[in-house]
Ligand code: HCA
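First comes one chain, alone, set out as structure tokens in the form predicted on its own.
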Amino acid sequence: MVEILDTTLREGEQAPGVTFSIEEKLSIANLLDDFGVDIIEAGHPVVSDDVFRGVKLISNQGYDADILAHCRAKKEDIDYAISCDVDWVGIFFCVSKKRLKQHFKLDLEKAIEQITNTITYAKDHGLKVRYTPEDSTRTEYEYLIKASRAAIEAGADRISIADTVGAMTPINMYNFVKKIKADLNVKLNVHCHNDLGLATANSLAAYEAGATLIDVTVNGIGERVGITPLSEICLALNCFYKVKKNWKLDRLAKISQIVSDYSDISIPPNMPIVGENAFLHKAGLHVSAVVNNPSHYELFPAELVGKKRDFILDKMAGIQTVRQKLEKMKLVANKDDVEKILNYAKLKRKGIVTENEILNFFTDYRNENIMF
């Protein structure tokens, strides 16, 4: 069964301009645990005192979700994680030739020694470990496999495949994870960045190839343009793969709005699932079909994710749209009223007909102060 690791509190806080207070982090963690994620990545404790305190606070809430701390392949990072009482550490170290030479100034053997020593140290202190060969998808395959095998031998419980710059396409990701799965006897996780807008597709491809855990953030926020969004992956797993877990999908809209408020990153109207437009229907034909049966133009019902459907009244509308608007507003209108409102919508130069305009129609039209 697939698992979800939410890293809003770590990856999400790496989004430009985002800083969560400790109170906000606790609020987000409460929401994520209630929603039903399997692991919460609470932060990188060595980064700052407030991150350390946030991770420690979250680790001691008694959540159903496991808590993971982000760590470099350094014992000092593990010591910080131990002090925070976390369940897991996520140890990351890139082993691509370019990075080893230009950044770390190490050869592969020395890098593996540092990685394995850190993993052994973490395991000796009772921690579960996942090792991430950062920038996995651009790392030379023989280096990736050699480092991962050494990590497993040292005690790593999982290997996380990181598409750190969003460099993969779905078919390439599928083939890549399939090959790794054949070469490594370990659970595979996946962490996909969204630089080309393919994070969700690549995550699903990895799942199809055998990855058993997917990293996400609320609203997809994260470094640069972010990673796979929680809402997209959970709905895709639910709709396409019939994954049935105890996720409270009807909380998604609320969670997204709260994280948007805390992060000061607005939810785009056209964001799938949680955006304002996700369940707004405009064309007259669409509206009449949705009134008959919402599944004609909705892959899943709005209520499933805590949203409500609505209809746009503008020049694209039909009679059914006007009737639905009036019903929603609890207004009684005769056939002539409906036709006149529709005619007004057809002639309006730009924008939608607002509820205030409809209310004004009932006041002004009947006082003959408005022409249609």
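As the structure is a prediction and not an experimental result, all values here were calculated from the model. Start at 1 and count along the sequence shown; that's the residue number.
The following text describes the form predicted in complex with this ligand, which does not appear among the structures shown.
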Worksheet item: Can Ala236 be called a contact residue for this ligand in the model of the complex at 4.5 Å between heavy atoms?
Response: no
Practice prompt. May I ask you to state whether Ser96 is within 4.5 Å of this ligand in the model of the complex, using heavy atom distances?
Written response: no
Item to complete: Decide whether Tyr207 counts as a contact residue for this ligand in the model of the complex under a heavy atom distance cut-off of 4.5 Å.
Response: no
Practice prompt. Indicate whether this ligand has at least one heavy atom within 4.5 Å of a heavy atom of Phe92 in the model of the complex.
Written response: yes
Fill in: Segment that reaches this ligand in the model of the complex - one of 157-165, 117-125, 195-203, 176-184, heavy atoms within 4.5 Å
157-165
Worksheet item: Looking at this ligand in the model of the complex, is some heavy atom of each of Glu11, Gln14 and Thr132 within 4.5 Å of it?
Response: yes
